[in-house]
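Starting off, we have a lone chain in the form predicted alone, written out as structure tokens.
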Amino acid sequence: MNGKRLKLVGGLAVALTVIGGLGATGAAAAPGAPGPRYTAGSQGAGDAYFPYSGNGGYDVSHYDLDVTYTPPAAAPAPLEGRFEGVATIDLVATQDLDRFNLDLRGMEVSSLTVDGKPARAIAPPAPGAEVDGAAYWHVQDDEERIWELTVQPRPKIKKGQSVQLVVEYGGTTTRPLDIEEAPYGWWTTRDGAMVVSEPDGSMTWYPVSDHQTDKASYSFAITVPEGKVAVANGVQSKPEQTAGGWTTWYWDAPDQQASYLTTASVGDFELRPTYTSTSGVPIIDAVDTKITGNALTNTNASLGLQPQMIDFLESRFGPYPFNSYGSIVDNDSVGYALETQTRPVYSGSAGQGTVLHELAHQWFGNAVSPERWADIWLNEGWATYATWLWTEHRGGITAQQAYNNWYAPARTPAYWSFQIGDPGALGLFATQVYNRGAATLHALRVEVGDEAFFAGSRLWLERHNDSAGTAEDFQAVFEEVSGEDLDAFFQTWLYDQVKPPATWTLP
């Protein structure tokens, strides 16, 4: 991600109140007695920052999302769209399940089936009440209504059993945050939608286990008014089809993908002809037709470098990890970019440094994700450091000079006291996460030497590909390749609340 987030969505505190007030869903066993065979899946993935994002008791293997979207009417009509969806979710139980949760906010469920067996889904009654196999709870606060769905399948699901859940749902879309905030989730625009969901905004547009520890493959069928273009992850699985004033766009993303990296952006896009990198990666760009002048010139120049950027990063970190790449450039001028998998989203225009940053995320953040949000520096630090390496490669300042330029200026004690290893939910996108994160990586390179640094980088990506890892896992990889004890190093850089010593500042 590259952009600003002025505050986190209000949903975190609300979700804590909602779910925390529901109480236990599984029967408690008497002391010394065996527990119940079938129990409820946990109400969240257990992330310290977002405890109720994601869910336990199952692993999703695939989401098939069939969406019909009507963008807002022309101004001065309200900035509201109409959304209807059918989510077909393939999952495998990781325990004997009595019930399990899905994350879903701001949408009404109209139908629910488990392996074809219907369960009536209605507007939620009293919090926690059960209705024909489905239980709902909700709360109203000043900003938004947040719903989470609990599914109680009958018969119950055995550990290792595969099931298919089909949820029909829909609602009115607006903007989950005020216009002055950064985009989040299904971000309604006048001509469509800019869909960007870090850290847990995918639940605003489909039912999901919304945490990066439960990756899955995806397929999309997105139906929009004729003339609009819908762009999602991966490649077009078949040509778009138009009938009766509507066009359906089909996309397939077979690689493992974290939920926050999904997109289904809609707008007045020019879907440009596919081209390839030297290694054969197909590159698919969609650029808003309303972008003109210098913004378009800058965007075209930056996107034109994508094949060279892929070549460069492959030379440093190994093969590009997915089936395609490209960009979605929307004319919304919120100054935002996100590394949505295979197809980053940019607002306003796409600058060279930002394009390289989001491309680097395909390795660092997408192929290997942070197992917990506290380790987001492993995403943003790497993407920022990659831009330092690219600048040096292109004949600009060296990575060491970039480090020195970061280190030299006088900064407030508050700047240095910020712990990038534990930034807090409201600090995920603080500048220190990016810049001190990059400096941490450069200092590590100086500490262990170039050979061990780049070998460790590749080993990290190979060992945790299509999965997630922690800062401790990262340290273990670099101790393995370097033979050094790096406890003191990572304590200094991730947690000490003072300026690091000048040890790593070289000529």
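Note that the structure is a prediction, hence the values are computed from the model and not measured. Residue numbers here begin at 1 and follow the sequence given.
Same protein, other form: the form predicted together with a small molecule, not shown, and the subject of what follows.
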| request: Would you check, heavy atoms only and a 4.5 Å threshold, whether E380 touches the small molecule in the predicted complex? | output: yes
| said: Taking any heavy atom pair closer than or equal to 4.5 Å as contact, tell me whether H361 reaches the small molecule in the predicted complex. | reply: yes
| Quick one: does H357 come within 4.5 Å of the small molecule in the predicted complex, counting heavy atoms only? | yes
| message | Is V196 part of the interface with the small molecule in the predicted complex - any heavy atom within 4.5 Å? | response | yes
| query | Can you pick the one in Y184, Y169, Y403, F322 that has a heavy atom within 4.5 Å of the small molecule in the predicted complex? | reply | Y184
| field | Contacting member of L338, A87, A93, L102, with respect to the small molecule in the predicted complex [4.5 Å, heavy atom] | value | L338
| task | Choose from 312-320, 429-437, 102-110, 410-418 the stretch whose residues reach within 4.5 Å of the small molecule in the predicted complex, heavy atoms counted. | result | 429-437
